[in-house]
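First, one chain by itself: the form predicted on its own, in structure tokens.
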């Protein structure tokens, strides 16, 4: 089991009616984020992709380690600004509405990941009504990458037809809009300050793969700047650092990644690099705690039905994996009937929804000794878990949330 002692203790203390619950160890999160920051060179900015987990205590716990936060909607913008009021923000994501663009300019968002020429025009229209406002622009580019580079990734956002970013030829056109002395973006063009390139192309990459991709992104960006004679100040190589759900102890090699980025920066002494991890920062700090309601046999296989399910923790259903978990045995059995238990050496952990897709783990050997009434702690539930789940299906109760903060001697917050 990967759960910290604080998480195991809190889970054991909860009453059955307080389950399911998300339990976050903020002290563990601070320690992990500090180690990531320490592994990175000085000229690498670390931004947290708030979409991975926007819970306010999580955002606040990261504030000492990160340089800023990436938001991808007007709702995220307002939420993150309220949770960490003075933090630098970068605004990304496709399909920004005119209202969101205006709200972000008014909120003082300092970096923009521009996805299209249409977005540039909309941003210019907002600036035209705000003569004192100016923004720094990174063009998000859907770059061609080396053959096979993205073939095995869990989630690709570039290197192929996608709705994300500008194809290289359109990026060239966007640079011309931003740099030519006279053009359709006048008179606000000088307040649309082109700083560089953003290229988040994939999720689920190991350190060596991330470094290879960063090399390609920086090389392409450098050539773009040379062709158009603009100063390349920044390159954002995105996030997507791998999290291994099959082996929670296997971690992205931040030390090797930082060393590789340092060598890349040595060749580009005037460049700042930015990364935007989300899952790889917070996945390890959260657990989904629940209890076994029933154990039953069906056609020779054992099923353990737990409180909650994929309407709370959608990750295993969307990614097609078994969520890793540990068990907390509960010895008390106050009923006069026999206690149902797993007898086949493994069990599928299913939730309460009326669909066969409500499965958190398939035929898991870790469930070999599971009994009705025992507790289960699903690991790696600190990112893309509650916030992407279909909460209202069947209208079961929402889980509780517990934030354990023993660093430094902080209080525990429940809701």
Ligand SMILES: Cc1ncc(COP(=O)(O)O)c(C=O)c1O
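Positions refer to the first chain, counted from 1. On a predicted model such as this, the values are computed, not experimentally measured, just so you know.
The next section is about a form of this same protein that is not shown, the form predicted in complex with the named molecule.
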Among 165, 240, 196, 316, which has at least one heavy atom within 4.5 Å of the named molecule in the model of the complex? 240
May I ask you to choose, among 274, 312, 96, 140, the residue with a heavy atom within 4.5 Å of the named molecule in the model of the complex? 140
With a 4.5 Å heavy atom cut-off to the named molecule in the model of the complex, the contacting stretch among 46 to 54, 350 to 358, 61 to 69, 367 to 375 is 46 to 54
Does the named molecule come within 4.5 Å of any heavy atom of residue 384 in the model of the complex? yes
With the partner left out here, check for me: in the model of the complex, does some heavy atom of residue 203 sit within 4.5 Å of the named molecule? yes
Indicate whether residue 308 is a 4.5 Å heavy atom neighbour of the named molecule in the model of the complex. no
Exercise: residue 279 in contact with the named molecule in the model of the complex, heavy atom 4.5 Å: yes
